[in-house]
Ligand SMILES: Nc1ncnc2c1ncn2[C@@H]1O[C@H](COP(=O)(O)OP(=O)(O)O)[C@@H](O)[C@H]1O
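First, one chain by itself in C-alpha cells, the form predicted alone.
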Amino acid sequence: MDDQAARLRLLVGDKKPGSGVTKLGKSVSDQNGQQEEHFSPRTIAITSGKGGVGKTNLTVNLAIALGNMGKRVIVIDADMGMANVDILLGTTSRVNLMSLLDPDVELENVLLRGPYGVSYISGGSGMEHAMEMTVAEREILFRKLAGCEEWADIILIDTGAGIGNNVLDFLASADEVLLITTPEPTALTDAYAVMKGYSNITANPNLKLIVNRVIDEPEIREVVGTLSRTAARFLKLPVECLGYIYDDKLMIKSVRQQVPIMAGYPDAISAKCISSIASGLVNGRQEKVKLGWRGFLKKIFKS
C-alpha cells in the first residue's frame, strides 16, 4: 500500500517513473549451441469474487495505462457471454474466440483494435466450453491463439466473477492473478472465497489484491489487513496489495459514457490510481514467467 502511495504522489506531481518496453523473442541457440531463454508475454488473470466491483473496468483502463507506458497489451474477454469489454469501449464485435475454428479465420481477424489503443479478443463461449471441444478443435485454437505472444508484452485475461470451474481454471493457468474487491462485507466474503479456491488448486500462488472504491487510507488498511491476515491464518496464502482506487464520481460518469476513465478523464484521482497500479506491475518486483502464454493455453485446452 505504501508503494502505491509513493507512486501516486509521483503521478499527481507529474513525475512519472520511467518505463521500458519488453523485448520479445523466441528460443534460439547461441554460438555454443546452448538454448537461450524463451521470452513470453506476462499472462495476468483479473478476477473478482462477485460482479459489480469494477473488474472489467479495471482491465480495460489498466490496458490503456500499460499502453501509455509503452507496453503492448492484449485483453482476452473471458467473462463468457457478457461482452463487457465491448460495452465499456462502446464497440460491437462480430467475431469472437470461437470464430477461430473457421479455417478461413486467423488470429488477426479476431484480434480487434478497439478505441484508445486497446487490442482485445471477445471470448464468446470458447474457453468456457474448452473441455467439450474435440481434440482437433482444441489444437486449432491453441495454434492460432499462440500467435498472441508475437503481438503482446502483457496479456490481460478478464475472467468471470466467482469460483466457477472455468474461472478457477483461468486462475490456475495464469502466471499472475489480480483480485479486485471493494470494502463492502459481501464483496470481502466473496473475495476470500476466491482466495480459498485459488489456494486449493495451485502449489505456487501469485495473487495480488486491488481494493476499489475506497474512501481513505484507514479503510484501505482495514480491508487489506483483514483479508491478508485471514488468508495467512487459514489458507497459508500470502496476499500482497498491489494498489487501490479511490471512490470517484468521474469513474461512474465515464462508465455511463462508455469512455474509459484513462481516456476521458486522465487527471481524475481514480485514473491516477490505475496509472500507479500499472507502474507497480511494470516497475515493481520482477515476475518470473512460469508458463507463459503457451503454457496457459496448454492448461486451458489440455493440449
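Given the structure is predicted, the values throughout are model-derived calculations rather than measurements. Heads up: residue numbers just count along the shown sequence, starting at 1.
The same protein also exists as the form predicted together with the ligand; that form is not shown, yet it is the one meant from here on.
*Asks:* With the partner left out here, if you bring back the ligand in the model of the complex, are G114, S122 and V259 all within 4.5 Å of it by some heavy atom?
*Replies:* Result no, not one residue of the spot touches the ligand.
*Asks:* Should G52 be counted as a contact of the ligand in the model of the complex, where contact means heavy atoms within 4.5 Å?
*Replies:* Output for G52 is yes: heavy atoms within 4.5 Å of the ligand.
*Asks:* Does the ligand come within 4.5 Å of any heavy atom of T56 in the model of the complex?
*Replies:* Yes.
*Asks:* Any of the heavy atoms of I245 lying within 4.5 Å of the ligand in the model of the complex?
*Replies:* Heavy-atom contact with the ligand at 4.5 Å: present for I245.
*Asks:* Would R221 count as a contact of the ligand in the model of the complex, using a 4.5 angstroms cut-off between non-hydrogen atoms?
*Replies:* So R221 does not count as contacting the ligand.
*Asks:* Which residue, A263, L235, A268, V255, is the contact with the ligand in the model of the complex, using a 4.5 Å heavy atom cutoff?
*Replies:* Selected residue: V255.
*Asks:* May I ask you to choose, among K196, R213, R138, R72, the residue with a heavy atom within 4.5 Å of the ligand in the model of the complex?
*Replies:* Contact check passes for R213.
*Asks:* Residues in which of 162 to 170, 90 to 98, 143 to 151, 205 to 213 have heavy atoms within 4.5 Å of the ligand in the model of the complex?
*Replies:* Comparing against the ligand in the model of the complex, the contact stretch is 205 to 213.
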